[in-house]
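Laid out below as structure tokens are two forms of one and the same protein chain, each shown alone and named structure 1 and structure 2.
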Structure 1
């Protein structure tokens, strides 16, 4: 069989694995198998692509597989769940810069329409078609934006740089001028494509700058939206790179990632009550400060918390980033099982943007083997929240902040929240009275039906479990 024909068959197999894997990722029960299928599809695609193009020998392919497997295994074992959002941001950035480099390398094809000449031909291209120039520029542009934008997102998530929105006078005008410069430079390059064209370097430089400018005006609380958007960008950049090098499987894979990212971004935007244009061009909560909150908190001890829970018929856990920090998901599940044995109905209310990346809480609870049937979405729990005897908020803040519903001056005004303040009693597990990632104070802490259980969430819940014992 012709090696190129074998590669095309491998691409079809890979595309099928990608699609089935993506479908299986839609359910926690099949997500692991879906991830495995998608990974297998990518391995087949990479090996088939490198082999058919004759870019490297089998020795290099095997070496790359071994090295990549070691890095992946170490990342899976050593990176804490609290650092998953940062790692996802870096993955998005890696995909973006890879697409940028592929697009750039395509311009060295010297007029050859196949990808085999990427490394076999040295020197500037002499016959770059307009279509190839356009797709290469698109890969460079979107890849550059994704790369630097992801680095800024990583910095905000890891708090190595300030998580607050960075806004200055005329920012939208500056961003518009950068975008106009990118479009103009791209058009000029496509008219007279050449590897050493000054327009190409302008596109490259402005794309890296735009990536920074797009993300800095977005506050830390809105990072789930940014993560999903950058994920979509990385897919679109890969798709453009696929067109540039005429690689079908790269086009398919990039399209799937781009489409999935856009869908997820739309879900995140609705959960934040933001439009996509607002995500791209506005500083979330950069101007409004919100009303000052005054009052007294009502602290509670572990023993008193036990007596209230022991008499409860309906308990709802509301997890947030604090649960990830405390690694409290396993004791949360244990307490839930004890409450169920005591005749209590238990549920877990999940806000779409709880945590710092899409699905963050779902992943944590799945790790603790919490039954998927007990996970309840925000729109489903709110209509019945008044019938909940005890709502236990574990490290969540912005997603349960009544200011989003009551204070028009609040930066999070209009954001849909889980209305835990309407439950009969609210336990709030926090280390201190500090505000959430958005920096917005929470009047929930001062509610008449609210009780603050201060301390590490894992220790506090373990104490309650001990009381039941």
Structure 2
């Protein structure tokens, strides 16, 4: 049998495995097998890719695969669960740069390739068809934006660089100019495609710059949106590379990932009641401030917290990014177990954008062995929040801020929140209260039924646990 035909049939098989794998990722019970299926699909695609005609020598391929596997495997084993968002950002970036490189390299190969040269007009004397030039430019552009964008996202998530939004006057103008420059030089390149064309280098440089520019104005709390979006880009870049080298499996797999990323992005945006454009173009810090709130908070001691929890029948934990920072997930789970033994119903309510990436809190709690049946979504807990005796807010702020419901001037007005203020009692674990009460824009802290448990979340919860024993 013709080996190329065999390779193409294997691609169909691996596309099927990707699809089934993604489908099985939809349920916690089957997700792990789904991931295995998807990796099997990848293995088949990779082996089929090795049979491509035109490969003269395998030494560099083997070298690259070994090096990449070692780095990837080490990174995947060693990373702490709390650092997962930045790890995903890095993997994303390496996928992006790979697509960029494939797009670029394909221009050097174009002379040997006849498949696409036939179907489109052949550029003068170079052998690079306009279609190939166009798709290669797309792969370079999207891959480049994904690469540097992911690096900046990594920097922000790991706090290597400040996580605040970087906004300056004329930012939109600068970005528009970069984009216009990119389109212009892309068009110039496609008209006279050559590997040593200056336009190619301009496209390359500008796309790397654009990646930086689009991510710097986005603040830390909006990171779930950015990560999903970059994930989508990396898929689209693979897709463009697939067009450039005329490879079906790249197109199928790339567009599956692209679609997945866009859906997640959409879910994240909805959970913040903001449009994608609003997230991308307006630094969150720059928007108007809501009403200043005045009032007094009710602090509570660890001992009193214990007495209340001891009597509670229904406790709901509401974790946020602060839980990740304090590494408090294990003690939270321990307290949850103690409460259950005490005859109390325990649940963990998770807002879609809690943390720094979609599903961030779920992963941390899973790490601490919380069974996934106890993790409830916002829409499930809100209707029965009035039956909750104690809601324990750990390092979450915006996602439980009642201003989103009540204060039309608030920057987060309209965002769906977990209505912990409607629970019978709310414990808020917080490091400290900022000096001076005015300006603190979370009225939850001043609520009648709110009790502030100041201090490191991990230490406070350990204290409560100690009271129980």
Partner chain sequence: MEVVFLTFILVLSIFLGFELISKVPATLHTPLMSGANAISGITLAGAFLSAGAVGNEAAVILGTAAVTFATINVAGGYLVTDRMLGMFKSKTGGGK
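Numbering follows the first chain given and starts at 1. Just so you know, these numbers come straight off a predicted model, no measurement behind them. Rigid core here is just the name for the largest C-alpha set that superposes within 1.5 Å across the two forms.
Looking at the condition given, the form predicted alone, one finds it describes the source of structure 1 alone. Fitting the two forms on the rigid core leaves the C-alpha of residue 67 displaced by at least 2 angstroms between structure 1 and structure 2. After superposition on the rigid core, the Cα atom of residue 7 is displaced by less than 2 Å between structure 1 and structure 2.
With the core held fixed, the Cα of residue 321 is displaced between structure 1 and structure 2 by 2 Å or more. Superposed on the core, the two forms differ at residue 311, whose C-alpha moves 2.4 Å between structure 1 and structure 2.
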